[in-house]
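A single chain comes next, written as structure tokens; it is the form predicted alone.
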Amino acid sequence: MAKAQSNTEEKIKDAARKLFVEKGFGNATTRDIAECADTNIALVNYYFRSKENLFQEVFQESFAHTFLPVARILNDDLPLEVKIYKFVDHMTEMLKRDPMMPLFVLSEMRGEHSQMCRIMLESGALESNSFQEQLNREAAKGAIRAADALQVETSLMSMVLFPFLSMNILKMKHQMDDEAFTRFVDSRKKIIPEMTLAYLRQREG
């Protein structure tokens, strides 16, 4: 009996994850989730009580396994160059596994009462400033220009995210199949760090 309950819960969470990514939290209904999980609304409410609770559980799992490890790379005790390459590589691989996730993240973060933003704040993932401190140390040594960690981090994330957000347009415009698109984003795992490091090492003035 316990195994059957566990299987039902996992089916509901898998269905919810799929629909939250495809439709966003606001547009995915409990009925949609129940139908996708091949169950009924009563069971969804029995296991999770509300769509909000289901979203929180699904996103916390995804966040713990995907976004948190990537976010923490910038605060790891690693040389700056290694850190930037590792960040881009891990984020690219994460998005290759789940290319719809950026659309979900953007749609949720734009919401005025975003459940995802609240979960991120409660996780403490946004609190550390060790990446800024590292940039300051490197600048003080003359190794790089003075740089704002927020600008660097935003640029890195944007350059990795954009091809996945515009994947269908890029494929159509450049006649890429899935394999060609994968080669394209893999090549950017070298290009993005090179561009970022070139900017950081450029002398001001």
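Heads up, when I say rigid core I mean the largest set of C-alphas that superpose within 1.5 Å between the two forms. Position 1 is the first residue in the sequence shown; the rest follow in order. Values in this document were obtained by computation on a predicted structure and should not be read as measured data.
The following text describes the form predicted together with the DNA, which does not appear among the structures shown.
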Using a 4.5 Å cut on heavy atoms, which of His65, His174, Lys141, Arg31 is close to the DNA in the predicted bound form? Arg31
Looking at Ser155, Gln56, Asn136, Asn45, which has any heavy atom no more than 4.5 Å from the DNA in the predicted bound form? Asn45
Considering the DNA in the predicted bound form, find the one stretch among 35 to 43, 145 to 153, 66 to 74, 175 to 183 with heavy atoms no farther than 4.5 Å from it. 35 to 43
Classify Ser50 as contacting or not contacting the DNA in the predicted bound form by the rule of any non-hydrogen atom within 4.5 angstroms, answering yes or no. yes
Is the shift of Phe25 between this form and the one not shown large enough to count as movement, that is, does its C-alpha move by 2 Å or more after the core is superposed? yes
Is Glu179 displaced by at least 2 Å at its C-alpha between this form and the one not shown when the rigid core is overlaid? no
